[in-house]
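Two forms, one chain: they're shown below as structure tokens, one block per form, named structure 1 and structure 2.
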Structure 1
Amino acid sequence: MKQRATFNSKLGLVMAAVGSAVGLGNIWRFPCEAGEHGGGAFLIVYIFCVIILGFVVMLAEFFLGRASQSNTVGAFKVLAPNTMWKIIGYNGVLAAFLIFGFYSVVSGWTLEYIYQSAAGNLNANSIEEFVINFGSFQSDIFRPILWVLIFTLITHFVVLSGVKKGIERASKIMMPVLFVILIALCIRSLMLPNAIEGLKFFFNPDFSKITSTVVLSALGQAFFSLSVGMGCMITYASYFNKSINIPNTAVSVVTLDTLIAILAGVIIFPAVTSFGISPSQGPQLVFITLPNIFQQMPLGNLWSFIFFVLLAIAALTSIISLHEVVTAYLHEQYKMSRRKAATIVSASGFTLGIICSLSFGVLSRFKIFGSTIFDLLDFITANLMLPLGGMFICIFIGWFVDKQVLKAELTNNGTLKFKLFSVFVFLIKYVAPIIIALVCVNELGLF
């Protein structure tokens, strides 16, 4: 039998997993969710969700992937043959595809902004003018779609070059570059006048702002940002070799991902308050506010260029993982060649991307449950499919997987220490599923 691909080095695999986790979710979605849901209050709930729920689900996914050596659906078929558990896998593949659709649109916007900053065109006389400029770009029919196409093609070729050459190499080079640029931008932002007000908004929690919507958003954001709940980490862990220390890898990924989200907050909120802009602007926060801020800084176009290159890199390493979830599923479950599987995913993903992009323009009046297609996909995937997928993964591991098998896999057959194993089992069996269920039921208004 042909041996399955594995990641080459420990650094490479941590970088690939971090690359999947760190993306638009940290730099575009996190500040926008935090800004809309009360800043510091959101941050506290978010960190709680990351540690208690996100980390636990990530460990569970790593276990599923490495133990089964299979894709998201295949993992459940291997570990629980002829049962309904594979539905969790189907939920994951569908979520990956739907996220791919709207994610490629925002990724495309980053390319437009790279182009505009390089051309020195990201200038306007007021924030209103930025709003109008962004609005007319967004609602244009062809231009955003062209960028979606370019982004999808880049993704397609990286995925096609396979696990080692494509994903691992791309992540290993891109992730460190990202860290360096982020730190530079943080320093720049903290030197702005009135930066302290932004830091207060972000770090000083006002507990009265914590509502069920805030908790659901923080939960969804935690899962989205960590790439868990849909089997992305199952797919990546299926490429881990047997000597990898799973608990340590999960700690590294969760820590780096959270750190980057917080760094993004430290870049954006001081800048926002420094120029007297409201932090609760929604998805506009990055694409309208920041160019305005960059323009008011010396060498603004250069800063802006660097920032959007960074955002595009982060988006690429994440969208690759979304693509890989569906490609690995088709390739392994239907015995298709990788090339054919990847081509199907790219072509259908691009089609969904077109629909999502048009939902800002000609399809903006077309609403389902009062939301545009873009907003609906964002909400359904992050706030429902990922948390519910995560909940069922916890129930599967907590109640159906033999704990000896679980422990043997997580400790590499007893050669590693995992002191908190019983705490992990308690969390995954009781705490995580109950909290997730309560949050979802409460938010759906069933209480």
Structure 2
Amino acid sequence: MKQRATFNSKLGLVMAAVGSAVGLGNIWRFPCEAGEHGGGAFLIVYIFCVIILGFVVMLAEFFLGRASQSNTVGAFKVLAPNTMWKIIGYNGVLAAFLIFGFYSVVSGWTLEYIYQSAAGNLNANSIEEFVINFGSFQSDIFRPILWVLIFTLITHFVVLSGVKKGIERASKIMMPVLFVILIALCIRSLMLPNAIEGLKFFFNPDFSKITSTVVLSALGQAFFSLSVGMGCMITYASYFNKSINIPNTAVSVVTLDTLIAILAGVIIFPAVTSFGISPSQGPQLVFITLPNIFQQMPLGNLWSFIFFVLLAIAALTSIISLHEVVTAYLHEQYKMSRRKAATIVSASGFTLGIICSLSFGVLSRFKIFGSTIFDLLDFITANLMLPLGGMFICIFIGWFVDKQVLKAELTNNGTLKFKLFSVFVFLIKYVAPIIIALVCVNELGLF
């Protein structure tokens, strides 16, 4: 039997896992959420939620992956054979594929803006012109699809190269570059006029602004920011060797992911404060507002180019992990070659990406339940599939996995100490499922 691939080094596996967690949600969704929900108050609640919820669910997924040494579906087949628990795995694989489809569209937008920045074309006389230019690009038939194709081909090449030569090698290059760009942009943002006001808003909490809405929004952001519930961490953990300290690795990943989100805030808040703009603008902030801000800076096209390279790297590291979830499933469950499995995922994902891209143009009037295809897939995955997947993973680990088996895996058969094991079990059994259920209900607008 062929030995299962593993990451070569702890640095490689941490960079790969952090790359999976870090995405556009860290760079733009986190600052938008923080801007909308009180800045520093949101940050405090978010960090608390990451510790209570994010770490716990990530640790659970790491356990599932390494204990089973299998893909997302195979993990439940190994640990709970001949049961219905494998449905959780199928949910994760399907969620990863659907997100891969529409996420590649937004990822492609970053390549367009890299090109436009390099060509010196991100110039407009007003914010309205930026709005028109972005809308015109979104609704175009060919250009967005071309960028989706390029992004898909890059992802395909990395995944096809395997765990060590593809995913690990790419992560060890891209993640340090991402950190360098983050630091450079932070320094530039801090040099802007009135930057200190932006930092005060972000780091000086006004606890009177903490409401149930802020708490639930922070919980949701923590959950989605860490890429849990879609099988990425289960799949990557299946490539961990048996000497890896799983709790320490989870701490490293959660800490670095949170640090990147905070650095993104240090970039965004001084910039928008200096130019008197609201940070809670979603995609408009990234593709309309920030290019307008960069235009008003010296060497604006250069800083715009650097920023969109940052976004592209963050998107790529995430989309590689989404691709790998589905590729590993097809490769192992259907005994396909890795090349065939990866090709099927790339081709079908690109096809879905075309449909999602066209939903901003020629298919914009085609609605399902009142939503475009892009918006529907975004809603279903973010509001239903991911939280439900995460919740049932917690229930499975907390209520059905033998605690001796769980402890043995997390302590490497007793060779490592995990003093908070009892606390972890309590959180995964009682607290995390309830919290995730509340997040799910809140995201559906039912709370």
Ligand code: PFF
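We call the rigid core whatever largest set of C-alpha positions still superposes within 1.5 Å between the two forms. Worth saying up front: this structure is predicted, and the values here are computed from it rather than measured. Numbers given to residues start at 1 and step along the sequence of structure 1.
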Seminar exercise, completed: Lone-chain pair; form predicted together with the named molecule identified as structure 1
Exercise. Can a Cα shift of no less than 2 Å be assigned to residue 222 between structures 1 and 2, given superposition on the rigid core?
Worked result: yes
Exercise. Just checking, between structures 1 and 2 and with the core aligned, does residue 344 shift 2 Å or more at the CA?
Worked result: no
Problem set entry | Core fit, then residue 201 C-alpha moves 2 Å or more between structures 1 and 2 | yes
Exercise. How many angstrom apart are the two C-alpha positions of residue 30 between structures 1 and 2, if you fit on the rigid core?
Worked result: 2.6
Exercise. Where the rigid core has been superposed, how far does the Cα of residue 210 end up moving between structures 1 and 2, given in Å?
Worked result: 6.6
